[in-house]
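Starting off, we have a lone chain in the form predicted alone, written out as structure tokens.
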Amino acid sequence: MNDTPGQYPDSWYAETATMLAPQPALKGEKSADLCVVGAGYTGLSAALHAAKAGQSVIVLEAQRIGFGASGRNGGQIGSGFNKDVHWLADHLGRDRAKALWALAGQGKTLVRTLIADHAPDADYRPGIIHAALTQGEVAEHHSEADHLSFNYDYRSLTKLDADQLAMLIGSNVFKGGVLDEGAGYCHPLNLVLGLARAAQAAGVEIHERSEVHKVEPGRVQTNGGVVRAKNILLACNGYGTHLNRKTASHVLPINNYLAVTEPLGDRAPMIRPVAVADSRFVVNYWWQTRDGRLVYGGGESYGRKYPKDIRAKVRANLARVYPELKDVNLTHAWGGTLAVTSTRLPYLAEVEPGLFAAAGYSGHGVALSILCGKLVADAIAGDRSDFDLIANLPTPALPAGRIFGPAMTSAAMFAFSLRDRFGV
């Protein structure tokens, strides 16, 4: 609805990516051990790891490789989940919380390894600052840093006061925060394209412009053909919830927006090359490119259509952090669809025998999606231990059911977003 079919959005990522040639659409009937629906991080990670384990794999993509959130996101490879370890320990127990933290850490390591091996042009750089708007939030961030260091042996967090934070990012809006040097950021489209190259080298067959219309046990159908497979993975995140009712009842698509400034030269505010995410309910996040641009994300919407003026939507958020850049030229602006769950924890499931789904990464998608893709491949190969650890996370169905649940949840999220707008 918001894009030109078969074309990447007019993003800075697409302009600077090392592109792959278009892949042929599916024609006729084929068979494979695994059929993956969606050529993003989840699907290509699953395909790559399954192929390395000796499986035959076919990937079907409705548009282009990385067309969805994998090629449009903020590029941040964050730690943990969208629930902190205190919440996880309180609701799941300390042992499960520690196991989940360790598994999420393996996800970050996996992404760094895949970038080094297959996508060096994704240009991984370490460091994410979590910037807090209130003194109470600063205290929470600092307390969690101490807790992670003492109880989880995670010593990559540096506590920052307001002056230290302002020195690093060139803005005095925040009261303090933490720098996580165990996290990082990258060029997200180059990462997914690198995964595609690696998957193809491992024997994976990828078909673009092959939109899936029907999924049945052992059978996936497009307009051009059919794939018969023992196992199927639905890996479309916010772009494919319609393919399975159970997934649709647990996963809510939402839209998010980014823009990129012109090269800022002497006006470039970031002293240190790190990424930043703030403490708003609708998170603002940004990083500075090597040529001095800001890649800035901010603003959500909960309907189907993007706003008419994405630049204006992002500019308003940018100006709150960097008022001196309120009139800067934004050379690129685009939107994309991600997905959340009711608890903001990822939805990973074998919804029926041989049919897997992974979605709802809720802002932690770069690391968790690539991890979950690997876990699906592991489960198919017979190792379900880590798969089950994620699959057993609480992700209850949206309240009011599949039909009315998305509308009610969207209304609640809009209400929470008003707190950001009015500072309450």
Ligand SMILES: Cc1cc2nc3c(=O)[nH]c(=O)nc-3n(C[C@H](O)[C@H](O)[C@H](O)COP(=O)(O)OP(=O)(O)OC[C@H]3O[C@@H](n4cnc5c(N)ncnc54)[C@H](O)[C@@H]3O)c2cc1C
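Residue numbers run from 1 along the displayed sequence. If you're wondering where the values come from, they're calculated on a predicted model, not measured in any experiment.
Keep in mind that the form predicted in complex with this ligand is missing from the display, and what follows is about it.
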In the predicted complex, the one of Ala202, Leu243, Ala162, Leu133 near this ligand [non-hydrogen atom within 4.5 angstroms]
Leu243
Please pick, from Phe81, Tyr257, Tyr322, Phe174, the one residue with any non-hydrogen atom lying within 4.5 angstroms of this ligand in the predicted complex.
Tyr257
Of the listed stretches (378-386, 50-58, 25-33, 357-365), which one has a non-hydrogen atom within 4.5 Å of this ligand in the predicted complex?
357-365
Are any of the heavy atoms in Val178 no more than 4.5 Å from a heavy atom of this ligand in the predicted complex?
no
Although this ligand is absent from this view, report whether Ile390 comes within 4.5 Å of it in the predicted complex, heavy atoms only.
no
Can you tell me whether Thr395 touches this ligand? I mean in the predicted complex, with a 4.5 angstroms heavy atom cut-off.
no
Would Leu193 count as a contact of this ligand in the predicted complex, using a 4.5 angstroms cut-off between non-hydrogen atoms?
no
Given a 4.5 Å distance limit between heavy atoms, list every residue of 336-352 close to this ligand in the predicted complex, or none if there are none.
Gly336, Thr337, Leu338
